[in-house]
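First, one chain by itself in structure tokens, the form predicted on its own.
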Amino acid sequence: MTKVIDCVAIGEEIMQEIQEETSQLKAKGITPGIATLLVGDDFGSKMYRGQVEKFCEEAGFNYVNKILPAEATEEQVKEAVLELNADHEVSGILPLRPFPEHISDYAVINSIDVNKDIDCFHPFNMGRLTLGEATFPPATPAAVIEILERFARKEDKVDPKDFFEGAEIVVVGHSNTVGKPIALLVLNRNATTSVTHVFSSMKGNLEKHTTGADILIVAAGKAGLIGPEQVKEGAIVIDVGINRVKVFDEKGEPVLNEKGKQKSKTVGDVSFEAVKGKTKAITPVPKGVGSVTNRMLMKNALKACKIHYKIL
């Protein structure tokens, strides 16, 4: 019987663990903190900023909200980063992208103290990840690993080390923020790792890789990319994709809301209902990997705080 992995419950477990560690640090007079850096007023960035603030409040962290106008110069943005680097109440810095066109991502990210780079944007931390010595693994890839490790312990009743070693793991997607780091994290755990992507699909080669996967991790950003024909019987499927699609009825007609506009819904890269029956376990979308991602960001900030105070 297929296990639909309860990622919301995993996220809540992790938050409880973070709260306990934070309380222990506060007893020593130490409080972790996160600063977000927003340049301009991008809607998506503002929404994410609000989520980070909410999670900081829940965990008992300090929160610093740094906002610069869209017309701020690159030098002004870098100066803001340097101020946050020097702020002892800030354990981790989270730059909210996209920046305005005249601001270089590279210039800003390279200004961040590598020990406050809690989402692994800095090339130094990506290099450590490549070498298998990650200080702060990126939040979404770390969430995937956390979900699999907890599944291994609770459902398979095996040590995560044995769970990963030698397993055939296929990653669909090769972005710098998700696909590549996930592949490195599982490779560093001695899994047999393959990386495919939309271009593999365009050449007709996707299925021959994915059907051999014991664990299939999909992060391509294309709704419905993976159907049952691409999945091995009894595989574990982790769907990282988040896509908004239009809703149609059984006749193919648009489904409208009360204002007469077509409804939309959030789906993953995997056709969940069609694939679910073939799997040993699968994550849903929504309420899937994203439910764990922000908690992993908090864990990185907690670790950064310990590094700063030489507790680790």
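Don't overthink the numbering: it's just position in the shown sequence, from 1. Just so it is clear, the structure is predicted and the values come from calculations on it, not from any experiment.
From this point on, the text means the form predicted together with a small molecule, which you will not see here.
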**Q.** Location of the small molecule contact in the model of the complex, chosen stretch of 237-245, 162-170, 121-129, 69-77 [non-hydrogen atom, 4.5 Å]
**A.** 237-245
Q | G44, L94 and V114 all contacting the small molecule in the model of the complex, non-hydrogen atom within 4.5 Å | A | no
(Q) Which residue, N110, T193, T135, T177, is the contact with the small molecule in the model of the complex, using a 4.5 Å heavy atom cutoff? (A) T177
Q) Which of these residues, A183, V231, L84, L225, gets a heavy atom within 4.5 Å of the small molecule in the model of the complex? A) L225
Q.
T293 versus the small molecule, in the model of the complex: is there a non-hydrogen atom within 4.5 Å?
A. yes
Q: With heavy atoms only and a cut-off of 4.5 Å, decide whether N188 touches the small molecule in the model of the complex.
A: no
Q: Classify A220 as contacting or not contacting the small molecule in the model of the complex by the rule of any non-hydrogen atom within 4.5 angstroms, answering yes or no.
A: yes
Q) So, in the model of the complex, is V158 in contact with the small molecule at a 4.5 angstroms heavy atom limit? A) no
